[in-house]
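Encoded as structure tokens, the following chain is the form predicted on its own, with no partner shown.
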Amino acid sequence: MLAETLAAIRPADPRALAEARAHQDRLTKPRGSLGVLEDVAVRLAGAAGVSPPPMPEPAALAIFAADHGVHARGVTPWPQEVTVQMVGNFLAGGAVANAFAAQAGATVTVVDVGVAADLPDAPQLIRHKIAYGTADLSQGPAMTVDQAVRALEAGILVGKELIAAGARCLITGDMGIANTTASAALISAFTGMDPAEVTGRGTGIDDETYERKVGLVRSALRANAVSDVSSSPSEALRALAAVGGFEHAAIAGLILCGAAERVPVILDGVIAGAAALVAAALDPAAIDHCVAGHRSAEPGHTAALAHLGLRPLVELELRLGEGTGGLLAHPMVCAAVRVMHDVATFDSAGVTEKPV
């Protein structure tokens, strides 16, 4: 399934990009006056291969949940059982992601790809559990390559199901206590940046815990002989298995699925940024189909976005995850595309254009 998905991915269509840019310039507004929103609309046209692009609605948020063996090393004061408790909160509709999804008109699906507990049945819960959490990445590989591929394919399957159900935009979400540690390791591996530059304080940790966290990221890269990963797909898979999480792999799979189906993917924060680095290493064209919803407060997210060449739409110092930043950005993405559909051109409106 992974190979078939990668084979279906196409880069942004240059003709659609050119047509979209030309159309933007004919609309009844000064050229470039909508700033980044114009770039978003053009980007989505290139991704879809048609101008104007389809409206990216309705949207579907997929929250991939998993636990991490490195949690036992004291990288966060939050107990591991919060992962399963928050999954229950998502399913009950009580999380911030649920509130933001309701505002955006997006569906919420929770996917268990590696929670360290058995979860009760629920209508919005999908089971793709690879294992009961990863191994301790600071001591050796967090997962096997086979497990990483299975998690990638879980994300692809979820994407296909959401698209088949009518979703025309996918939004990445995550839940996993200690997953910012794995994110920092992935970002350091794929960008070549020093762990101290890309490791943040996650949900809020003191100086002593932060220093321990940076040290464990260094240990993970050293123990797994992973650093400055090239764009080789086999190296990317090895790095993902070595220092990633099941949710990172699944989000990367969701991104690849969106790209293969020409359905835009709005990325959330640092976990999504780390996953996007994996997706880009497997096929650079996948990123043509992504929009950076926001820039989180985690320094690794800025590094990941810069490496991917993505400009975030929202910058509100968010550091919650769950897909919250992507959900906030979705109405802006829709507005950018609606301009292409609804705004008159100078010719059709009989408005005099500024002399060249």
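Source: prediction; values computed, not measured. We number the residues from 1 along the sequence you see.
Keep in mind the form predicted in complex with a further copy of the same chain is missing from the figure; the text below concerns it.
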> Picking from 114 to 122, 187 to 195, 74 to 82, 280 to 288, which part of the chain touches a further copy of the same chain in the predicted complex when contact means heavy atoms within 4.5 Å?
Replying inline: 74 to 82
>> I'd like to know whether residue 60 contacts a further copy of the same chain in the predicted complex, with contact meaning heavy atoms within 4.5 angstroms.
In response: no
> Even though a further copy of the same chain is not shown here, does residue 320 get within 4.5 Å of it in the predicted complex, heavy atoms only?
Replying inline: yes
>> Taking any heavy atom pair closer than or equal to 4.5 Å as contact, tell me whether residue 309 reaches a further copy of the same chain in the predicted complex.
In response: no
> Given that the partner is absent here, does residue 91 sit within 4.5 Å of a further copy of the same chain in the predicted complex, heavy atoms only?
Replying inline: no
>> Can you work out which of 140, 166, 204, 233 has a heavy atom no more than 4.5 Å from a further copy of the same chain in the predicted complex?
In response: 204
>> Pick out the residues of 29 to 63 whose heavy atoms come within 4.5 Å of a further copy of the same chain in the predicted complex.
In response: 29, 30, 31, 32, 33, 34, 35, 36, 37, 55, 57
